[in-house]
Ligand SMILES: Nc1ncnc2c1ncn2[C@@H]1O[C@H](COP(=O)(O)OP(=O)(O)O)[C@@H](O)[C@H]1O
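One chain follows as structure tokens, the form predicted on its own.
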């Protein structure tokens, strides 16, 4: 069903421009066009979105926006400025505005905003179960943890059993945005800057929706911002995300460095996945991580995923397990060309090549998370934490 827009303008000429944007974008239907003096007192009479030309130095308009946005039964609010400053943008977000534009508004830009609104509206639906935070830790850089997070997240979103959020906490080298070929205006740093004022409406304007059920909270855009983030701030963000109960699964890219922020992401997780590959340096790092986690005595179920596994490897699974002093809970096949192709295209391999053996292996993990029965128990026999997640032991 198409969204219905009511336009309210300060200048009649700009009212005509906004009418044209709606018509040319094909993203909705025009319900009515009036000047700002005709703003309704309550409700929207069948309108889904109020599209307003913002008028500076109009406290009555600000009060109307805040009052209207506070009631979730009212239409969403889109604002259009002559030009947008950072202070204006932050003010609008805290008033509860869903999208902000500057004149001239392009049809594609407008259409993308409408799609984001549809995703955020879906967040109001019951998530289908309690929120689970699953933190992924790479034993070192380059073992494929980010790739696995991106593709597992896509598979879980395809189940449509609840919202999935990917959080990039690899603060200095986070690259999840590249797995989805997205250019973001906001990042984790925007939450940090207004942590004490954070609310649901503000948060939803900062995440980037990839599809109706999958969103991404990117990491900082530069090293200076990354250095300013503290473990306490990360803890508050993850706790808030879990307590808001809007997401069914939160997959966290915790990076690969032994530092306090990484440990905070592990401490707050419901489950932990340690990703390694069958090479001596990677396995040596994995053992160091296992020793550290043992000393920390974290009460978090831990699984080891062996990525890029080749059955013809000179190492056997039993040799890897003996070296680590614990079992390997699952293996994922290697295909460097397919992985590189997916990353360079900016689309998950599970979306473009769902029948690929690597995607089928990840599908098994996603099925267990979604509570599906697995016919081949031998395939999933090592994935005890997935059984605990679904309550099927």
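Residue numbers count along the first chain shown, from 1. These numbers were taken from a predicted model, which means no experiment stands behind them.
The same protein has a further form, the form predicted in complex with this ligand, not shown here; the description that follows concerns it.
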query: Contact stretch among 66-74, 334-342, 53-61, 361-369 - heavy atom within 4.5 Å of this ligand in the predicted bound form; finding: 334-342
query: Contact flag, residue 177 vs this ligand in the predicted bound form, heavy atom cut 4.5 Å; finding: no
query: 4.5 angstroms heavy atom contact with this ligand in the predicted bound form for residue 191; finding: no
query: Contact label in the predicted bound form: residue 252 to this ligand, heavy atom within 4.5 Å; finding: no
query: This ligand contact at residue 307 in the predicted bound form, heavy atom, 4.5 Å; finding: yes
query: Listed residue that, although this ligand is not shown, lies within 4.5 Å of it in the predicted bound form (heavy atoms), from 80, 217, 152, 145; finding: 145
query: In the predicted bound form, the one of 140, 242, 158, 264 near this ligand [non-hydrogen atom within 4.5 angstroms]; finding: 140
